[in-house]
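Given next, in structure tokens, is a single chain: the form predicted alone.
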Amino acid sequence: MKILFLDQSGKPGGAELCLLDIAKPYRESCLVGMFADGEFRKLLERDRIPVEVLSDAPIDVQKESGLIQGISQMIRQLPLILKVSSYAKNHNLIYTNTQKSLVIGAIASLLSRRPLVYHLHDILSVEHFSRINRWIAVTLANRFASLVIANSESSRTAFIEAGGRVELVSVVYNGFDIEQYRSPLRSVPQVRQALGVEQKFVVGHFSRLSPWKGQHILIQALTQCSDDVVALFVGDALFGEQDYAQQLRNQVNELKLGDRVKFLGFQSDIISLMTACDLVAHTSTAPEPFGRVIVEAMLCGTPVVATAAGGAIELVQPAQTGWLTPPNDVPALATVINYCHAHPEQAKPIAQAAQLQARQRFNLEGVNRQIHELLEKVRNEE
């Protein structure tokens, strides 16, 4: 099957890492078309997946953008639409991996007469998108898509509540290469020594620095924990959120936590870092579509605490495979941290149960088989 994958980001976020895994089985016949250059292209090339940067002009539509800005951008992107349409004619279907690529891919699908698939990695809710952007995504999917793949029941529900057609949507959770998590590149002592946290209780937070990812919640929670509890923040500020990154550093200074917080920026060896943590905290203030970090922590055998909203509720069984706390609830987060610190013998079997379940539920081979069957159905129905 020849697939034209589309993604607008040059930066490897969760949706891009998911696409990387989905595209691997089709590397002999697919093409990943990107609308911006960056590290994501290098990752695709490393895995020998054909990739081409189709545009160097950014699509300047944000999640809060209105109708006029959206229409203006559509006109400016006409050359890109025509290029994608031309490429699509040499493929069996168009697979759009993000909302911006959906806009381009939907029109290209009409022009090229190729079926369209939309992989929904977002919760189309008021917390994440403007009313116009939700309307655009749902209208284009309803009109042009043959299939919408939602990455969780929460994403599926939000799509339908926003007006999406029920019969279009199939839920397929993200898949993970289980073997990668069995053998970290560095040992726990190596990582902890390099970071200077050998005798500390380490709470890891793995996400881009963004207000809705809630790093400030974890920083505040440290004030209610013993002095040997430290936090590692792995990830950079993206998409114009550098002001928030500075706010976090100011917060650390104001609370006099400078010796208990480390900002590590972007790191490639996530698995070693997660394995070296005593607890991984997910603190999103709004519902998460899926929660990739949660599953990664489980696969590393590290206890995890997550916000009880969105996809996280589908991943964590409280007190069985992890802990859930209400959004923005600093005392509740601190309580879980203190419990895991004081009772490692109780936290360990919970992490082991989560690891076993994650290996079974999110095995990449099984997930890719599900997606392939859905794509074959789309191709056969055209």
Ligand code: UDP
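Numbers for residues come from their place in the sequence shown, where the first is 1. Please read all numbers here as calculations on a predicted model, not as lab measurements.
What comes next is about the form predicted together with uridine-5'-diphosphate (UDP), which is not displayed.
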Which of these stretches, 141-149, 206-214, 96-104, 305-313, has heavy atoms within 4.5 Å of uridine-5'-diphosphate (UDP) in the model of the complex?
-> 206-214
Here the chain is shown alone; which of A162, C225, L299, V234 has a heavy atom within 4.5 Å of uridine-5'-diphosphate (UDP) in the model of the complex?
-> V234
Select from the listed residues V191, I270, V172, V229 the one whose heavy atoms reach within 4.5 Å of uridine-5'-diphosphate (UDP) in the model of the complex.
-> I270
State yes or no: in the model of the complex, is some non-hydrogen atom of F266 no more than 4.5 angstroms from a non-hydrogen atom of uridine-5'-diphosphate (UDP)?
-> yes
Non-hydrogen atom contact V293 with uridine-5'-diphosphate (UDP) in the model of the complex at 4.5 angstroms | yes
Taking heavy atoms only, is L374 within 4.5 angstroms of uridine-5'-diphosphate (UDP) in the model of the complex?
-> no
At the 4.5 Å heavy atom threshold, is A15 in contact with uridine-5'-diphosphate (UDP) in the model of the complex?
-> yes
